[in-house]
Every structure is written in C-alpha cells, then in structure tokens.
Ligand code: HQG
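As a starting point, one isolated chain is supplied in structure tokens, in the form predicted alone.
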C-alpha cells in the first residue's frame, strides 16, 4: 500500500499530467479517472485512503453524484484548496532532518515548490513527519501565535495539518 500511496501522491499533488489526469481548480479528480490512470481497483484506493495515518487524501461525492478524490495538501501544482485563515495555537512544530537545520536557521522555513510550509500541533507528529527521509530528526518550535498577531495567515487543512506561507527565523526556536 505504501507504493500505491506514493503513486497517488505523485498523481494528485505533483504531476497529474504524467498519468493523464487533469485536476479541477480545487485539486479534485473523479475517482474513476484515478483508477483508470493508475490501473488499480477501487478497493486498493479505499485501503490507501482509510489506512493513511496522515489522512493525505479525501473522497467526496459531488452534487452530480460523481465521487472525487484529492490530496489534502502538499501540492506543487496550482490548486485552490478553499482554505480560510484561522487562528493557530500559540505553538506549532516542524520536524526536519539534521542536515536542513543550518539552512532553516539562516533563512527560516520556506515552502519551496509547495503551496505552504507544513506544521504539526504536537512534537510526536512533527518527529514522524521529519523522519520520513531518514537521518536524525530535529524538532523546531514555531511561535505561531506571535506570527498570527504580527499579521501572518494560517490555515488548517482537512486532515489537521497547519499551513502558512513561510516562517521567518525570529519565530523559530
């Protein structure tokens, strides 16, 4: 299932055209189109959606009766997730590998090729996210409340990930 989850992420977050998909403006694609593009059956897709501990994917039935799927966040292709700014908790966390810390301390957390910087509400989640690439994990604490008071906007994705455009170094400890 991990391999299929990675294929789904690639198709729904980064390179839909590679498998012949076209995302709508909100990032949605009919489930039937994804099944056809990836050559898998519905049970496999449902297992990935239900079994993903980060709830990376969402399935909805539209008013037209068509079921659609999208990635919850992390896109590098243009999509409008329809997120509205919300007040964050005072502190959020970002897990990263040790090799990235010097750069982060110099320039802050930047979104890179994605729409947002991803933050977690607790250290264990940040550690799990930061460990996905291997190596020692460093947990950075972000003063999200202070950022919000200073005018930075925060969003919360459907799966609970906190998102913001950037985190300047002065808010990282």
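Positions refer to the first chain, counted from 1. For clarity, every value in this text was computed on a predicted model and none was experimentally measured.
The same protein also has a form predicted together with the ligand, omitted here; what follows describes it.
Every residue in the set 118, 129 and 161 has a non-hydrogen atom no more than 4.5 Å from the ligand in the predicted complex. For the options 124, 108, 135, 30, the residue carrying a heavy atom within 4.5 angstroms of the ligand in the predicted complex is 108. By the criterion of a heavy atom within 4.5 Å, residue 68 is excluded from the residues contacting the ligand in the predicted complex. Mapping the unseen interface onto this chain, residue 148 falls outside it, with no heavy atom inside 4.5 Å of the ligand in the predicted complex.
Shown alone here, residue 139 lies farther than 4.5 Å from the ligand in the predicted complex, counting heavy atoms only.
Within this chain, residue 104 lines the site of the ligand in the predicted complex, having a heavy atom no more than 4.5 Å away.
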